[in-house]
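Before any questions on how it binds or moves, here is one chain, the form predicted on its own, in structure tokens.
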Amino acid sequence: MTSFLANEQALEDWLRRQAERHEVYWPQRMGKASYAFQRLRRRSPLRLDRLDDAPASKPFRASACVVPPGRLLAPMQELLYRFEPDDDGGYRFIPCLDPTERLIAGIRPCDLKAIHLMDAVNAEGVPDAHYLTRRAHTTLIASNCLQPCDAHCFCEAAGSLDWREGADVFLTPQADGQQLVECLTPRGEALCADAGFSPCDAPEERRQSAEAHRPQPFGRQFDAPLVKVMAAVDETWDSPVWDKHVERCFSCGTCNLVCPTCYCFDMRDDLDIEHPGCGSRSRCADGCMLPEFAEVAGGHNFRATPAARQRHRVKRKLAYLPTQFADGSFCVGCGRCGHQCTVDIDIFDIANDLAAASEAPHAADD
């Protein structure tokens, strides 16, 4: 695939030209510390990474983008279809698919992996036409991480720091102030065909040279290798760790709503009072940490306690889904859940404690 070098101004001009053709989303500052992926407008600020950026001065950070970019593909609320009576006494169902051409730029590797995982989830079994239609019409431009986003980051420990799969174009800041622009797919090639960037003959060398500036270790690290952490989560059912980390939990579901690999939803049917027989079906994001999530008919709740719900959530990320899809951890280490939790409950700490507890008997035997 083709690679280029582009100075900051040329790359910014190119992104703004793309925004004139179709929807382009870029992390925009919200208030003093937060960011959100919003539509790039004529006067929207657009600041790219630089090699010498200190962590605190990064122009945008994954965990500070409270809502992950994957929500542009799977909105928090979404109209699925409308229905109306037909002439034969039955019903006509009209799907509401979104084929809008969009470009999401500035995606960090952790969020890129999350989108890759959601691609797999939504393609399994009966494919989700709503997600997959958006995905088919979306171009992804990812930005390499050379500094941890903040103190909550553990993307390297979770195995997502070097993730590139799914990106159409991958950007890496260079020591000379330029950006390495790697086209990883035919769509990326077509996007850059008329950009006017300078060709680059040694992209691998350029990228590795930039990545050599990363601090070691990169962000928080588990006390054990990821495979052992995941095994400890998988093998642990009854443990005081589950209770320890929910003593102060409000069961508000924030961790679910900001997680880039949570995808549960609830359904709602709305009837049109003015037109009997007509209506629509929609879905909205739901979360397994909410008290009523596992409540069924008759008021029975098979995960009634916060500890049971927390156990389910952590096992989904580090045991159940990795086994089902064989694609590594479904926690990508973005740090959003710990960053946004009102009482500082963090999946990193839970997994670390479970791994430590699983090693304790072995230490005693020694």
Partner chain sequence: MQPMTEFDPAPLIPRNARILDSRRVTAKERHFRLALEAPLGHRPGQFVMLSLPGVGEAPISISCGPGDEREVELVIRACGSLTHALHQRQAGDVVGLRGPFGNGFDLQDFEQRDTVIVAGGLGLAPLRSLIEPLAARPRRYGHVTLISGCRTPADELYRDKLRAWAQLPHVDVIRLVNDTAHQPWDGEVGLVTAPIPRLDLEIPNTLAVLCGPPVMYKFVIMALAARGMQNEQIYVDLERRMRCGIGKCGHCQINQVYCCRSGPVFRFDEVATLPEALT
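Numbering follows the first chain given and starts at 1. Small disclaimer: the values here were computed from a predicted structure and weren't measured. Definition used throughout: the rigid core is the maximal C-alpha set that superposes within 1.5 Å between two forms.
This protein has a second form, the form predicted together with the partner chain, left out of what is shown; the following refers to that one.
A.B. asks: Is every one of 89, 265 and 316 in contact with the partner chain in the model of the complex, taking contact as a heavy atom within 4.5 Å?
C.D. replies: Yes, the whole candidate spot contacts the partner chain.
A.B. asks: Looking at 295, 243, 205, 194, which has any heavy atom no more than 4.5 Å from the partner chain in the model of the complex?
C.D. replies: Exactly one residue meets the criterion: 295.
A.B. asks: Report the residue, out of 129, 151, 190, 175, that has at least one non-hydrogen atom within 4.5 angstroms of the partner chain in the model of the complex.
C.D. replies: Of the listed residues, the single hit is 129.
A.B. asks: If we define contact as a non-hydrogen atom of the residue within 4.5 angstroms of the partner, is residue 133 a contact of the partner chain in the model of the complex?
C.D. replies: Residue 133 belongs to the contact set for the partner chain.
A.B. asks: Can residue 250 be called a contact residue for the partner chain in the model of the complex at 4.5 Å between heavy atoms?
C.D. replies: Flag for residue 250 set to no.
A.B. asks: In the model of the complex, is there a heavy atom of the partner chain that lies within 4.5 Å of any heavy atom of residue 29, even though the partner is absent here?
C.D. replies: Close contact is absent here: in the model of the complex, residue 29 is far from the partner chain, nothing within 4.5 Å, heavy atoms only.
A.B. asks: How about residue 341: is it within 4.5 Å of the partner chain in the model of the complex, going by heavy atoms?
C.D. replies: The answer is no: residue 341 has no heavy atom within 4.5 Å of the partner chain.
A.B. asks: Can you say which of 66-74, 332-340, 319-327, 33-41 gets within 4.5 Å of the partner chain in the model of the complex, counting heavy atoms only?
C.D. replies: Result for this chain: 319-327.
A.B. asks: So which bits of 212-249 sit within 4.5 Å of the partner chain in the model of the complex, heavy atoms only?
C.D. replies: Heavy-atom contacts within 4.5 Å come from 237 alone.
A.B. asks: Comparing between this form and the one not shown on the rigid core: C-alpha of residue 197 shifted by 2 Å or more?
C.D. replies: Shift of 2 Å or more: no.
A.B. asks: Comparing between this form and the one not shown on the rigid core, is the C-alpha shift at residue 92 2 Å or larger?
C.D. replies: Yes; residue 92 is a residue whose C-alpha shifts (by 2 Å or more) between this form and the one not shown when the cores are overlaid.
A.B. asks: Inspect the rigid-core superposition and answer whether the C-alpha of residue 269 shifts by 2 angstroms or more between this form and the one not shown.
C.D. replies: Yes, residue 269 moves 2 Å or more.
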